[in-house]
Structure formats: structure tokens, C-alpha cells
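Just the one chain here, laid out as C-alpha cells, in the form predicted on its own.
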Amino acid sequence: MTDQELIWRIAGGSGDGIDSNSRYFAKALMRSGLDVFTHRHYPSRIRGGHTYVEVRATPDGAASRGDGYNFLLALGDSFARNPSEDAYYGNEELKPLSENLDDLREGGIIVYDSGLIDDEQVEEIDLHERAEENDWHVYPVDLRAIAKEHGREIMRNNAGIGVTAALLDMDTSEYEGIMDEMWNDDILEANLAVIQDGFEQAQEFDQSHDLEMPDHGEPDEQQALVSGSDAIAYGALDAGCRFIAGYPMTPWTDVFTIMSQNLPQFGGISEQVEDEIAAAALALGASHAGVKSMSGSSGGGFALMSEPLGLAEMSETPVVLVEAMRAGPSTGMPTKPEQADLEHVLYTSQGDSARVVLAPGDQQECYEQIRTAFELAYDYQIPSILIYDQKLQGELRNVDASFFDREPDADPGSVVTEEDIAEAAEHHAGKFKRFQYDADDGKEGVSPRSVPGQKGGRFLATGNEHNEAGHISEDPTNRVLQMDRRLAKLESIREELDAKGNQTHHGPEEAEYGIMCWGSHQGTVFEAVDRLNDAGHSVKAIGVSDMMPYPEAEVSEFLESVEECLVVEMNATAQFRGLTQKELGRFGPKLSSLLKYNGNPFEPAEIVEGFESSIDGEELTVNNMKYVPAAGD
């Protein structure tokens, strides 16, 4: 947290244009030279229900949401089911104002739509008393009237942009330029008028607040505003993926949608099917035929994929799956982040698993690791899974556009040519030895792979245990040979991943204490580490991406170098800490946990407090987190 940051929160109802408005605002700030990071909070409803988006803007890097925020634009919920105090879910019309006050920093700004939220409602929540206590600066503006004067009420979000710009002395040209790129002349003209009207009204206000735009200038190079979903989709396309099958399910749907929109221009195919079993099975079929393929889902949808996933492992059909975690079990909280599917993804299916599981920590890692997932899947004839969560799925962050300037990879992996097949070993029945015990192609456990249509490449693909040509076999010797060969792939993959260096380190190398994390809150942990070191602690962190095969050597080196290590994750059962103790049991006495599972992601200050409480032996006072001490403490 610094004085040189704006954290702007726009709140309203689903359908009030919160998402698109905040995206344009974030992009405008990015183009003006600031680093931006967004956080979305929304209900599992199509229309109505309190939703907000935070946009954090700083001049010196934004890799996490901040602590609270300092500017609230509260539109009210124009789709409220029952705008009354006695309603079962409370006064939904008022919630975009009332439910956002606890996080507003001292000295912050509140702009609310007085055309929807009236004086009586404001009195209900003691807004003016709280504003006086916290030195908040409150500006009621009839945004609804401004919008209606120039067209439709939905434009009141842009009236709020005009008010925001006037209060912050912000140039609106970048924002208006983005609208010009998106809309036709009639819609554009009306919205520009709404922005200007809001701006002019706000210029007449008493502006005694201290909040202003952070220092900024021209960006050093062109920036791209991307979500984790964008990065996963772009990486999959660059990895040569040309087939995707899926069924919509929040929060995986974004990846599926982006891929479906873009695949046709690359000669690819997208199929929306009846359920997730069919989706994964279609992806397997396409891959069996020689096309780089993927599918994915979330929670319960991914559970349906366990049977095709087992088939991919037994038949050694390469495929890439993505699993977007959300709060469970069952339907749970479909639009809230959680990291409680780790064990599900590691172990779902039948028997002993041979799969790769990667967990990226930010947008760049999403792009890099989905490409790695395809490379490993098709080189080693194994399913690869990318696991991420609702937080990383939707949060936006600016990235150097040049980061994505990579060569595409059309390599089909370990597919043999017909010339290779002619020289390859054949089963006495005349079939190609697709599942050869002792193939020597430099990758442990990988046997030669043919695809349908290749002369001489005939074999049987089955979910049963099989011999070298694919015929069903229950011979004990064959079983051991085939199982050992399949599992041996993980050793070669581990060596390859060690060479890539997927884990991310942060902080002084000689630090006394450690923090471990995985997935989407990596940037939040790293910011907390910086604050802790500035405060006189000696702390470093590691963000672990390789869930299977586990990076034993690198994590061992990290844990050996520190006295204690706090494992930070968003679930109730410390699943990543449990995985680490399973793989590296000797470090159990060093590992404690900081857990959060209330549907909201960590803020940096929460991790700072959790760490300081753990080393001082004090009780954790933040009631939305849980500290679990090391084994034996």
C-alpha cells in the first residue's frame, strides 16, 4: 500500500455494466502509463445481485489486489429483486453502497447515484456519521437523471466515470478513445455526452479530499490488458491446439468462449456438447486422430471427466484439460475463488495415475504453462492438466505485449512417420507395437505413437490393460511392465521441468523465514514479503507451479534454507501443505498454514498479519482466516 495508488471500486447490480465499464477504465489507466490490476466480485445470478470490480492503478507495478480501496462509485442495484429493508436478502438496491463501506480507507471518496439511492436509505446505514468518523468525502449525484437526459438509464455508469474523472483531475481522452474503438457513432455520441455532463456537474463540488491520480507518463512499451483466461487461450492456440470441446460452467467458460471465438481463423474446431463426459471424450477422439486437443471444466463438471481421464492414461492418448476451481463442494459458491480442488485433480480417476498437473501463479505463467502442458502431453503421450481458480480466471493485469511474441508450435509430439513404422518392431499378429516395453527414443517410458491412416500403424486402443499391440491382457508380467513404463514417464518429465524452472522465487536468498504458495495469490504473497522485509523481518517466498510430478529437489532446497515456513492457500484443509508433507515428510515440523476460504481472496495485509502472528506465537485476530501450526506444535 502506497500513497501513489488509486484503488477504484465500482459497485452495482449484475446487468448494470460493471464489468465492461471497469475493463474500459482499467485499459484507459494502462494506456496513460499506469500499471493496473483488477479484482471481480459477483453473484451467481444473471441479473441483479451486488457486484463490484476493483481497479488498482500504480506507477510501479501492480501484481495483486490492494488492502481495501480509496474510491467508491456506488450505482445501486437497478435490478434488485425486492428493494426493501425487510426483504429476505435485505435491501439489494442499497447493497452496492452499504456492503462496501467496511473496506473503504480513511479519507476515501464515495460517489453514489442519488437517483436510485434516496436520503432515507442513506440514513438507514448511518452514512453521514460513518463518513465523519472516517473522513470520507461523500458526493451524491443523480447519475440516473444524467443518463436518461441523453438516452438510456444503463449509461449512468459512464456518468459515474465523468464524475470520477473530475474528482481526480483525470483526462478522459483515453477512456473516450476506447469507447470510440468499440461502439458505433450513435451510441458513442450519447455516452460521450453523459461523461461530459457528469464531469461538469462534479467540477462544481467541494473537492477538499486528498486523493489524486498517481504519477504517470507514457508506457515504455505497448501493454496488453489480459486475464488468466485470455493467457490460457492464447497460449493454447500458440501451442497448436486446433480442437476444443466443452460444456459451459463458471469459471471455465471464459477459456472455452475465447477459444471458440478464435479457433475458426486458425482452421480449428470448437464443439459445445451435452455434458463434460462427452467433452473430454471428444477431445480424446480428436487427439487419437492426430489433432492437438483440449477440454476443461470446473468442480463438478471436471468430476464427470474422471472416466475419460482414466482412458487417456491407460490408452496413452495425449490431451490437455483445464480445471477452473471455485468454492465447493457440489455447486458451492460458483462465482467465488477457492483452491480446494487440488486433491481432486491430482487423484481423480481409477487406479494409479500418470498425469501432469501445473498451477500457474499469474497471467504470464498461464501462457507459459499451458504451452508446457501441451508440449509434455504430446511428447510423453500423457494427459496434462492446468489448474487455476476463479480469481486468476477473471482478474485483469497489464503485461508487455511483446511477451506474447512467440513462435507457434505445430509439432505433433512423439508421432512416428510411416518410414519409422516400416522399420519398427511388429507384434506377431502383424500389428504395430504401439505400447512397446523397451522403446528407446530418449524419453523414459515413451513408446512409438502412430495415428489412424498411417500405413502399417495399426493397433488397438483400449481402456483395458493391454500388451504391446493393444490387445487386452491380464498377464501379470505384462501388467507390471506396462504400469512401470507408464509411471516412468513422470521421472523424465520431472527432469525436463527442472530444466525449465517453473517455480518462482521472491525475496532475499539468505532469508530466515519462508512462505510457500501456489496458484493465483502468488503476487499477493510476494507483495506481503516485500512489506515484511521493509518492516525488518527476514522473509522469502516460493510460488510452486508443479503439482505433479512434484519438484522435490527445488522445494527441499528452499525448505532446508529457512527455519520455519508458512504455507498460504485458499482452502480449509491445507491441501498443498498436505501434498508437500506427503512428498517431503521430513519438513513437516517446519510447515504451518494460513488458510482462507470465505469466498474472498487474500489481501497483502492479511498475509503480513498471518505471518507475524505465526512467528510471534500470538492469536490470529483476523476472523476470516485460520492459522494451523506445524505438526507437533
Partner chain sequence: MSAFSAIGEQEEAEEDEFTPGIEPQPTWCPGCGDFAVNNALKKAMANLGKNPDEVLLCTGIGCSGKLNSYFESYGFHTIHGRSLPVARAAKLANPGVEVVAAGGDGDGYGIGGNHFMHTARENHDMTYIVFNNEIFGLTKGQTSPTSPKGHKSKTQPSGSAKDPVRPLSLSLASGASYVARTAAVNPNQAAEIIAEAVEHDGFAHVDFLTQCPTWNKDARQYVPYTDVQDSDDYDFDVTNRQEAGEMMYEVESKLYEGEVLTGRFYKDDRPSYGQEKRSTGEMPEEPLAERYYDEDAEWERCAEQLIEKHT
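Every value quoted in this text rests on a predicted model; they were computed, and no experiment measured them. Numbering follows the first chain given and starts at 1.
If you look for the form predicted together with its partner chain, you will not find it shown, but the lines that follow are about it.
Taking Ala190, Leu490, Val291, Met179 one by one, only a single residue has any non-hydrogen atom within 4.5 Å of its partner chain in the predicted complex, and it is Val291.
For the options Ser173, Ser561, Asn464, Thr331, the one in contact with its partner chain in the predicted complex, meaning a heavy atom within 4.5 Å, is Asn464. By the 4.5 Å heavy atom rule, the three marked residues Tyr52, Ile109 and Gly300 all fail to count as contacting its partner chain in the predicted complex. Among heavy atoms of His41, none comes within 4.5 Å of its partner chain in the predicted complex. Within 4.5 Å of any heavy atom of its partner chain in the predicted complex lies no heavy atom of Tyr437. Within this chain, Met30 lines the site of its partner chain in the predicted complex, having a heavy atom no more than 4.5 Å away. Taking non-hydrogen atoms only, Gly198 never approaches its partner chain to within 4.5 angstroms in the predicted complex. In plain terms, the part of the chain that comes close to its partner chain in the predicted complex, with a heavy atom within 4.5 Å, is 222 to 230 out of 199 to 207, 222 to 230, 340 to 348, 159 to 167. Annotation for 396 to 414: interface residues with its partner chain in the predicted complex are Ala401, Phe404, Asp405, Arg406, Glu407, Pro408, Ala410, Pro412 [heavy atom within 4.5 Å].
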